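Next comes just one chain, in structure tokens: the form predicted on its own.
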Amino acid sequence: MSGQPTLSGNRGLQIEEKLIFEMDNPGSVAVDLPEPGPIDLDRMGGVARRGRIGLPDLSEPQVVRHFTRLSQKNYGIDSGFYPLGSCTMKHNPRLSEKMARLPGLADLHPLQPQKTVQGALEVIDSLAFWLKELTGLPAIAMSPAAGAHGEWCGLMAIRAAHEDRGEGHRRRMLVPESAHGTNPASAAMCGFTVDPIPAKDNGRVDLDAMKAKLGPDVAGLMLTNPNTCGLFESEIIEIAAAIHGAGGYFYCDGANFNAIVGRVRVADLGIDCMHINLHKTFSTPHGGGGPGAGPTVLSAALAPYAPVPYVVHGPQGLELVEGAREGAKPFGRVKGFHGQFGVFVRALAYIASMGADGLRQASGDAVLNANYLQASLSDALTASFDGPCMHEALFDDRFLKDTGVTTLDFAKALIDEGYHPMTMYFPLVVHGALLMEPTETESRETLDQFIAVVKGLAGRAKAGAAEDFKAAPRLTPRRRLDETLAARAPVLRWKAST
């Protein structure tokens, strides 16, 4: 903490907050409950409680203030600009939130009879239609619960297709070195051996190196387009032809679909399957371990292997297919029930409110904003690759050479300026990477303010203020933590001090 510490530990309106367990005040209650009657301990198998269960006793004001203060310490897209690269942290329209909270949609139960949820099935079917329309692919699995789950789903369909045609020996998956970390992990979970492909100096896949790795044991290729360097793979048609010529399938990581939706149909690029992060491209809540969704579109060759369940039009209305039907060979089920329905409602509301022209403009604005950042910052930072980018701008740490300031230091200083840092040290193929994705929902005024701050920090670093950067952040509730120790030995349970 810079300056003289306060007596309370508070910093103006930034209140020092204890863990809720540390605020325990035995006897305090937030609600009055009647005294329980006699309890038959035999219902518990003769087990009696020996002491307090460890939950804190608090009054209602204490509870409200605690969680309100915690919310003020959180930084989210509703707080300010969130320039994380490769994550598309964009605004969630309140219209979509309102639709998802309508009683007829929010109060459903997944075990209701199908005849009572025809409207919900129509939501799933309508969203599936538009996702297929936007990608040009004929089939889709709606149930995957996240991007990585969608990757796994697509690869399982590829595996099932190979095994069905008697080529189960195909167990090698080609994955570019710049891929999202979940790509090789998903491939490994599906039983594939991961074979990396290097990138060229221009940040794109080395086509010659990829062709040299082709063989009778290759199952497919996983490629992100636009890739994690924020660049469109200009040789993607040739890449697709090469992998298909070797008998493999082409999986595309759709995390960056936000850059091309409404402008490029991935089917026209020769892609066999692609997951779609609804939270990135179609503006639903982002991750958090719960509200994700990663529907996976499939080509005609992979469509028979789509997992159940899926919605079809039957003689009695819309129906959920829970098992194999004629012409289909589903590889199994990837999730309980029918997918993340609340996310489906939000995504469909977003698509309907935007329309085809709105989606096209959104992807164009995302690319425009990223190139505005890159052009405006290239005189102060060092862009990793020449030429325009797609939806995100990538810089490396050459501008910090001989300053004593690292990418991490630079990011920590940005926190003191009121900004969530950009993505650091990713993609790994770029040294000291700083990856920024402004999205289409940020105004020019917001970007200009961010640009001014980044340029100012770059100037300070070059002027020899390394010690100031090493001390950042100064204005946060907590300073720098030992992140390595926290990852290796996390403290997941509070214990009362003795």
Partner chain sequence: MRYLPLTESDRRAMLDVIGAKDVDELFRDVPAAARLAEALPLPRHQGEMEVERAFTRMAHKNLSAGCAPFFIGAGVYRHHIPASLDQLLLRGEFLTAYTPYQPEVSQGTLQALFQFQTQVAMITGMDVANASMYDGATAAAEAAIMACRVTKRNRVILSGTLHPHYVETTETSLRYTEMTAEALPPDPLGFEDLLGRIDAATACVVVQNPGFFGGVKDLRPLAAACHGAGALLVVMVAEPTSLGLFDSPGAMGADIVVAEGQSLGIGMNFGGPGLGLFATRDKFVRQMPGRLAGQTVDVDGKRGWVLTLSTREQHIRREKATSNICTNSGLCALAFSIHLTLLGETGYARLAELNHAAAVRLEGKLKAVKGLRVLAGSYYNEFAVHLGDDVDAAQVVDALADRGILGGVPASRFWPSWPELRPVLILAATETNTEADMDSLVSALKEVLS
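Bear in mind the structure is a predicted one, so any value in this text is a computation, not a measurement. Just so we're on the same page, rigid core means the largest C-alpha set that superposes within 1.5 Å between forms. Residue numbers count along the first chain shown, from 1.
Missing here is the form predicted in complex with the partner chain; even so, the following discussion is about that form.
Looking at 394-402, 209-217, 124-132, 243-251, the stretch with residues near the partner chain in the predicted complex, meaning non-hydrogen atoms within 4.5 angstroms, turns out to be 124-132. Although the partner is absent here, Gln316 lies well away from the partner chain in the predicted complex, with no heavy atom inside 4.5 Å.
The partner chain is not shown here, but in the predicted complex it comes within 4.5 Å of a heavy atom of Cys389. With a 4.5 Å cutoff on heavy atoms, Phe385 does not count as touching the partner chain in the predicted complex; it lies far away. Using a 4.5 angstroms threshold between heavy atoms, Leu492 counts as touching the partner chain in the predicted complex. In summary, among the residues Met142, Leu269, Ala199, Ala139, the only one with a non-hydrogen atom within 4.5 Å of the partner chain in the predicted complex is Leu269. Think of it this way: in the predicted complex, the partner chain has a heavy atom of just one of Ala328, Ala380, Ala301, Ala375 within 4.5 Å, and the residue is Ala375. Taking the partner chain as it sits in the predicted complex, the stretch 363-388 comes within 4.5 angstroms of it through a non-hydrogen atom at Ser363, Gly364, Asp365, Val367, Leu368, Asn369, Asn371, Tyr372, Ala375, Ser376, Gly387, Pro388.
Positional change of Arg460 between the shown form and the other one stays under 2 Å at the C-alpha, relative to the superposed core.
Relative to the superposed core, Leu58 undergoes a C-alpha shift of no less than 2 Å between the shown form and the other one. Fitting the two forms on the rigid core leaves the C-alpha of Arg49 displaced by at least 2 angstroms between the shown form and the other one.
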